[in-house]
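Single chain ahead, by itself, as structure tokens, in the form predicted on its own.
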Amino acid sequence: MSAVVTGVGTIGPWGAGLEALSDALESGQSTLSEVDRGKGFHADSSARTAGLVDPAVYREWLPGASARRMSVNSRMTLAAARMAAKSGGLDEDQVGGDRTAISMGTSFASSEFTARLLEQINKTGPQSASPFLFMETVANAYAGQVAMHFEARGSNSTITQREASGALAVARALYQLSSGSADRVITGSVDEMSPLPHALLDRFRALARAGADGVERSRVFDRDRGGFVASEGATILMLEPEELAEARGAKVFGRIRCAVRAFDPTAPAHDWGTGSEPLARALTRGLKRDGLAPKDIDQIVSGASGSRTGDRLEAHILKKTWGDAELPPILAPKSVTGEYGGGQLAAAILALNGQAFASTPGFESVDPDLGIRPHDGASLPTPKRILVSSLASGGAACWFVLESCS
């Protein structure tokens, strides 16, 4: 049973909706904002900006007074899910039911509510801990809010595998549909970028620092890359079996042909590893199981973000998988969307449907250790198949193939 994407909702620094993201990718322009440093989490010389979301861009998608009790992550997830339902031609009372499952991914959960809860406990003792705050600190709170809103009573899960969380959530959704355990899955990724995770990422030297022009930018695959720009947002995909989507005359954004999962045992807990050989073998075997070979892939939507170790691992896996063959065009949407928040998932849907991408922002020179030159802005033919690649610090890895239905 094949799964198709029948609805997409996306929220990020670029605004709300695929059209806003399309404009950002075509122009190659990132929207960055100053991170609040008032809590004292940041070092003096730390990175200062991130891709932050203006709540005003998704306020119309929130269900009135109930949103006041939600964390930022819950608000963005529910707004993106409602957006996905509308783009999929569904009335909200048609979305839920016993056969509607939810499969979400998040890297850090709700750091803002967690910080507020810990501050409360430290100041006045554990007896004062707010159940309201705690309810939204758990990683599956956002999936729960979506389930309650749509009355979705199928299985409900949230994956927390850092940068690969969203792709792994999609892989799980594909399994749920192919196994027959659900008739619809609401899947995707969400993350907020509050001051606490931003400061911690910077202290681990993961974030890009300002260049000579004073701008912090992700220089994806570049020889002089020095870290990524952190971001926040939510992307939700509505997945259904292809035959059910056809029966109701749904618009189809693309088919998820297969998904491949793997783990890099060389990875430390806080960084990407060096296991490109076993990961490339896992990817090759996974494609072969579904009757595909690297030559069948027309474009790669890479999860590379500007990380020195993460981009190196990504490049080495791709080079080993394709061997002596020429790599297809490599799109690096995180150079625009930033790391986290699900922008890569929405960018992949756009790429499959012929989206024009600007020359990769921040890329200037090829790293001889990588041998990768990302997309240069040239016009590309509409692809038949796209490989979406997501590697995570800590070792998780996931790839899935998006295929055109036309």
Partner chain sequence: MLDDSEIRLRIKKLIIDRLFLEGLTPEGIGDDDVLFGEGLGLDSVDALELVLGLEQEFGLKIKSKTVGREAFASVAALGDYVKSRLEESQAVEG
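Positions refer to the first chain, counted from 1. It should be emphasised that the depicted structure is a prediction, and the values quoted were computed from it without experimental measurement.
There is another form of this protein, the form predicted in complex with the partner chain, and it is not shown here; the text below is about that form.
S.K.: Evaluate Pro268 for contact with the partner chain in the predicted bound form, applying a 4.5 angstroms cut-off between non-hydrogen atoms, and reply yes or no.
M.R.: Pro268: no, not in contact with the partner chain in the predicted bound form.
S.K.: In the predicted bound form, is there a heavy atom of the partner chain that lies within 4.5 Å of any heavy atom of Lys320, even though the partner is absent here?
M.R.: No, no contact at 4.5 Å.
S.K.: Any of the heavy atoms of Phe204 lying within 4.5 Å of the partner chain in the predicted bound form?
M.R.: So Phe204 does not count as contacting the partner chain.
S.K.: State yes or no: in the predicted bound form, is some non-hydrogen atom of Ser179 no more than 4.5 angstroms from a non-hydrogen atom of the partner chain?
M.R.: Output for Ser179 is no: heavy atoms all beyond 4.5 Å of the partner chain.
S.K.: Under a 4.5 angstroms heavy atom criterion, identify the one residue in Val215, Met148, Met135, Leu244 near the partner chain in the predicted bound form.
M.R.: Comparing distances to the partner chain in the predicted bound form, the residue within 4.5 Å is Met135.
S.K.: Among Ser130, Gln94, Ser155, Thr160, which has any heavy atom within 4.5 Å of the partner chain in the predicted bound form?
M.R.: None of the other options qualify; the answer is Ser130.
S.K.: So which stretch, 47 to 55, 32 to 40, 362 to 370, 66 to 74, is the one near the partner chain in the predicted bound form (non-hydrogen atoms, 4.5 Å)?
M.R.: That would be 66 to 74.
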